[in-house]
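Just one chain is shown here, as structure tokens, and it is the form predicted on its own.
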């Protein structure tokens, strides 16, 4: 053993004789974190190289954070978004004494416990900071924005859903960070036209701006039009913006490459026509769920983008075959088109579109109910390079169309057949797509173990499989998946009520599984859950809602083995306060828990369990009746720690 250690990890020869720089380059080519860890464990030389060469760190717990920051002095990217119970004091303590001079990007998304003091310490410790993500820090306001503004070299900032940020906080940012190139203010509804005007005057380097869901009006678009380098603009659901605002935007700089005006109720084809006319280098246009009909002027101007436009989203639009033909003729370089929930989409329209847009790689035809296999034939004949095909609720397609797709589109990576009524024969054809990564078969009640066996045998690269309400699926399918699709990360088995503990026993071999949905599997117990969590160490999301046979034994298994679990649903499970307390007190990474109608848990049980997890939880869903009986002190403490509670009023109804 000593000779082997010397050979692989010692300094006398083998790996130990190589330089740290060379070993670092080797580690850069090892993509899987698990494989990198294996290298560190087998060789001290690799461990030293990792320490000297590592560029990115994602911390899950605050306790080892200080040690980790000191161990990796070459860090450039730091992700603390999943670091449970992180607050100002723990962040400042972790930063002290660490060499973070090279850190350029920091993610604090959903880190609700971090306020302006923690951000002050962060900015002081990272003098080269270029990007900060504070998205969904709902308690962040102007003081936090002012703290970030001290990073004068900042180029990217996300304040998405920082609900307390106003024009004053934005002013601090734009004055302190004039080099900003990318800024998201999505859902910062206290920001007005005044703040956007100041932003436009101070941040001349801005290339990407998101003002979605703000209550700003046309004056903001007038101000934004002066940004000469702006390439991406999102104004999703800005109800105060209309065609006049888009016309003002069209008269500004001709630099925009991507525009998203989806769900903007007062935008019509007239405004879009003027926008397109003024920005003839547009590559992406999203007008989903804001238009009711197309105008000839819009189609004419759209044709001017024939050399540049690659992405077009027109979800919810009333279209005809002639409109799709016009789009195909005018936008022949499209690589992605979305016609989800568009009325009037028929086979002839799709055929005329794809006949001229042979470069399409992503096609969304969700809820286009009139389509048949003829549309799929046309896609297969003309779009050989298609990678993503969404056909949810296209119930008239058949195995014949899917046979053509499978035969002619070898690069297909994603297909959504939810509620399409496909059967085993269709899956046999689809199994020819060996590059398939994502397969959604929800509500396809005609498929069985036989059809999914074809998928398991030939689609070894599959990472996501949705079998929602596929009632004929049994334990045999899970055995086949465990043998043939070992890379699966996301699996939905909700309402597949023939699944038992025996089937879950096979899932334990899916080591890369991260998301597992088992809602309403009434035959599974804590034994099956134990089998899953013992093998699936990377599990981060688990849904056990209405699994009526899950009791404390299942929670004890989760508490012992599911150490990386972050989201858990246990509503309607037959657990007690003791099991709940042990679970919430043990799982240090758990942040989001849904626990409605836990009938066997007493008020005292809820109190003790929530106190055990206070400081780590970010989201809770509980029965509204508990709001009046839980202690106000506990609720205030949860709120102070950044936990958002969703109170629901649901009757206790048991479902099979």
Partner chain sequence: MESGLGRSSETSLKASSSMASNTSRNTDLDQQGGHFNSMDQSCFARPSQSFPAFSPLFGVQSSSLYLPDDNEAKIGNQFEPNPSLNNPTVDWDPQVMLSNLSFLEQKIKQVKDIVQSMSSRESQVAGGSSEVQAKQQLVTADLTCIIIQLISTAGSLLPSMKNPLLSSNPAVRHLSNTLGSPMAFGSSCNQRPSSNNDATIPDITKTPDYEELMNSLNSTTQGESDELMKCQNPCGGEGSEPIPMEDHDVKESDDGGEGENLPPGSYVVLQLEKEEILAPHTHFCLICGKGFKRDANLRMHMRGHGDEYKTPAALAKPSKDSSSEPAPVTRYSCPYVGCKRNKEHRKFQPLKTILCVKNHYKRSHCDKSYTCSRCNTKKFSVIADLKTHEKHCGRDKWLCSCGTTFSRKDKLFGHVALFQGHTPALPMDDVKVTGASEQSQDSEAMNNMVGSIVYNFPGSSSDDIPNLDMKMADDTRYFSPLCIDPCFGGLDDFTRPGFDISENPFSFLPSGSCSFEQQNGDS
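Residue numbers count along the first chain shown, from 1. The model shown is predicted, which means the values in this text are computed figures rather than measured ones.
In what follows, reference is made to the form predicted together with the partner chain, a form of this protein that is not presented.
Peer 1: Just one of 44, 58, 70, 621 has a heavy atom within 4.5 Å of the partner chain in the model of the complex. Which one?
Peer 2: The residue in contact is 70.
Peer 1: Just to confirm, with a 4.5 Å cut-off on non-hydrogen atoms, which of 30, 612, 589, 39 contacts the partner chain in the model of the complex?
Peer 2: After the contact test, the surviving option is 612.
Peer 1: Within a 4.5 Å heavy atom cut-off, is residue 641 in contact with the partner chain in the model of the complex?
Peer 2: Residue 641 belongs to the contact set for the partner chain.
Peer 1: If we define contact as a non-hydrogen atom of the residue within 4.5 angstroms of the partner, is residue 435 a contact of the partner chain in the model of the complex?
Peer 2: Flag for residue 435 set to no.
Peer 1: In the model of the complex, does residue 466 come within 4.5 Å of the partner chain, counting heavy atoms only?
Peer 2: Answer no; every heavy atom of residue 466 is more than 4.5 Å from the partner chain in the model of the complex.
Peer 1: Does residue 20 make contact with the partner chain in the model of the complex, using a 4.5 Å heavy atom cut-off?
Peer 2: Result no; residue 20 lies far from the partner chain in the model of the complex.
Peer 1: At 4.5 Å by heavy atoms, is each residue in 66, 87 and 143 next to the partner chain in the model of the complex?
Peer 2: Spot residues vs the partner chain: full contact, yes.
Peer 1: Can you tell me which of 255-263, 306-314, 201-209, 286-294 lies within 4.5 Å of the partner chain in the model of the complex, counting heavy atoms only?
Peer 2: Contact-bearing stretch, as computed: 201-209.
Peer 1: Let me know which residues along 604-620 have a heavy atom within 4.5 Å of the partner chain in the model of the complex, or say none if there are none.
Peer 2: Contacts from 604-620: 604, 605, 607, 608, 611, 612, 615, 616.
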